[in-house]
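One chain comes next, on its own, written out as structure tokens in the form predicted on its own.
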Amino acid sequence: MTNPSQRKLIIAIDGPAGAGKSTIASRLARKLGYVNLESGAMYRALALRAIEWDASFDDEAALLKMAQSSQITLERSIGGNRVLINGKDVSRRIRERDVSEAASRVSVHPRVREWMVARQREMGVGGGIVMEGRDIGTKVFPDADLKIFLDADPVIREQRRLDQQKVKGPSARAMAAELRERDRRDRTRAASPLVAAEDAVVLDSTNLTEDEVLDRIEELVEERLAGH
């Protein structure tokens, strides 16, 4: 799709949980030969460390100190990013439910987010990245070459997450409730609330397949590379 001589773009994909941004970002990065920087994985890694050290998710000072003493690394692999914290591979563990819930609580603290944003900017400064999260186009890379806000109907997002986790019955209802609470926290937090950047292209994936979403974003990438 791309020519090695072409300049490398910074592509930001934001949106709520269950919109499909992680899968799309991963597939797009592989297709372009770019690095997929997962901001969520970085917050999850920090949340896991807090769990392991029995730190309070509400203690901003302690979480910041923990972040400053952590080396969070994302490594490209065929199956997606490997996530390491202080050299330990935590790729599988950070996807588990307790870490997901903890990450949404850890991420509300302004000073923790400032530290994360600084690290993320360092990792993506040279371009050639696809970064997904909740404040990439508004806070991390406000000058990104292409900004996508990927959304979907809340009911559809809940069902996608339940299907992904293969959860049914009472556990499904609990997970759906957690997703709604996470949406509320993301959209109302004081530091970098979830909102589409003014110059973002908003894509509603409610009635679209992954391939259709990916095709549309690839068209936008080609437009940016062509200078339009």
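For clarity, every value in this text was computed on a predicted model and none was experimentally measured. One-based numbering along the sequence shown.
Although not depicted, the form predicted together with ligand DC is the subject of the following passage.
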Could you tell me which stretch in 85 to 93, 142 to 150, 68 to 76, 107 to 115 has residues with non-hydrogen atoms within 4.5 Å of ligand DC in the predicted complex? 107 to 115
Residue-level question: is residue 39 within 4.5 Å of ligand DC in the predicted complex, judged on heavy atoms? yes
Is there a non-hydrogen atom of residue 160 within 4.5 angstroms of a non-hydrogen atom of ligand DC in the predicted complex? no
Just checking whether residue 103 would be counted as a contact of ligand DC in the predicted complex - the rule being heavy atoms within 4.5 angstroms. yes
Looking in the predicted complex, any heavy atom of residue 130 within 4.5 Å of ligand DC? no
Residues within 4.5 Å of ligand DC in the predicted complex, restricted to 42 to 66 and counted by heavy atom: 43, 44
